[in-house]
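One chain follows as structure tokens, the form predicted on its own.
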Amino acid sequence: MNVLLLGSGGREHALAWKMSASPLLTRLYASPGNPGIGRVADLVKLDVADHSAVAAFCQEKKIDLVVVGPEGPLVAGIADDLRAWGFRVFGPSKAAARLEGSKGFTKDLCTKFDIPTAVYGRFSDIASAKAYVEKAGAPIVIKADGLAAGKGVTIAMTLDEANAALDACFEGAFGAAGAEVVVEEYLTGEEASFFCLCDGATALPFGTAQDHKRVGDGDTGPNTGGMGAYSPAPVMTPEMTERTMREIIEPTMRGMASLGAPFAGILFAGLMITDQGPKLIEYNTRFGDPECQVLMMRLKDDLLVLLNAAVDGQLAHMSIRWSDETALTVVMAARGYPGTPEKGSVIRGLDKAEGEGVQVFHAGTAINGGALVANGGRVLNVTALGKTVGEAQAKAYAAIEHIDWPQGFYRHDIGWRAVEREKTGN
């Protein structure tokens, strides 16, 4: 098979790394890719916003499958256009990608199909939003409705913080994504990421993870796209997984089908595990980043076989095998992130960091003058497998010691909840 992978981050490097091991693969192309992806794929320059140009490339290279990594192209409808031109695509339609493209759409879907989620309000004017916040009180959560690169959510512990977040949204901090906001109750519990591989009719559980959104140790500082993750998530017991499928995933699949937008691709449910059970925080319609990295490390089956089954509507006949080991990834970010990151600093020592059970996935790197340099906010994902969370954590941090990048930083406590559980037996 000839495969085209769209995207350039750590998620896409993990997907490329896993697909490159498949006996089905003839040639892997990636656009735009990154230096890490370039080790296992041919990098090509395509304007992903120009769907006809992508289709022309697929025609020229006889592409058998297009795998769309990030959410932007999916929300823009690239899967629809490529399918209309006769190409097989892994990723949801534009209508189904609204589950990520509009938080308000997803909240309304939850209401219509009785899916447990936080109490909420939708607002397109700041006065109504502030009045709702004043009545509800703090803590409270403010979300830009549209795509904001993981940065459009504020967990406001005071009314002043909530009002400042509303000001930011309506004053254009997130562009068109903040023209409408969702204000919702603050849920307490433990967060978990739950994934399902979907073909429009069948949803097949595809692993669990927990990530760390705050930039600083001890879950402090502003939210980011994710500073690290581990899989599996201990809180997602067999009972909790069964409830999540029954109460959240299956009603969503039925609901989307009834709306004429059956969901096919990866459905990524961000959950809060509360005293009442699982509640949906939000949906993403693609693999998580950095959750994808830990899932790919644990996946024992051929990823291409599974993606093909999803595209062909054959998931009812499939099962998925996972390693019993834990995978843990630590994100190394450039100074300034999650604000404006410093680009161009040289990174050395990756060859020494990688080894048995350790992979370094490139997220925001480039080659400049023959040297590997930082070219984004989240730059590297140092990922390790271990028999326990503690062992995986130790291996990942030991690998980081080999990386020579003074301008980078990272959290020192990824996986801390699970490590504490192991120590206490709770």
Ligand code: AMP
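Source: prediction; values computed, not measured. Residue positions are given as counts along the sequence shown, with the first one as 1.
Same protein, other form: the form predicted in complex with this ligand, not shown, and the subject of what follows.
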From 191, 81, 247, 180: within 4.5 Å of this ligand in the predicted bound form by heavy atoms is 191
Picking from 281, 311, 156, 235, the single residue whose non-hydrogen atoms come within 4.5 angstroms of this ligand in the predicted bound form is 281
Of 324-332, 89-97, 237-245, 137-145, the segment with heavy atoms within 4.5 Å of this ligand in the predicted bound form is residues 137-145
Point to revise | Touches this ligand in the predicted bound form: residue 186 (any heavy atom, 4.5 Å) | key: yes
4.5 Å heavy atom contact, residue 118 and this ligand in the predicted bound form
yes
**Asked** Is residue 213 close enough to this ligand in the predicted bound form to count, meaning some heavy atom within 4.5 Å?
**Response** yes
- Considering only heavy atoms, tell me if residue 272 and this ligand come within 4.5 Å of each other in the predicted bound form. yes
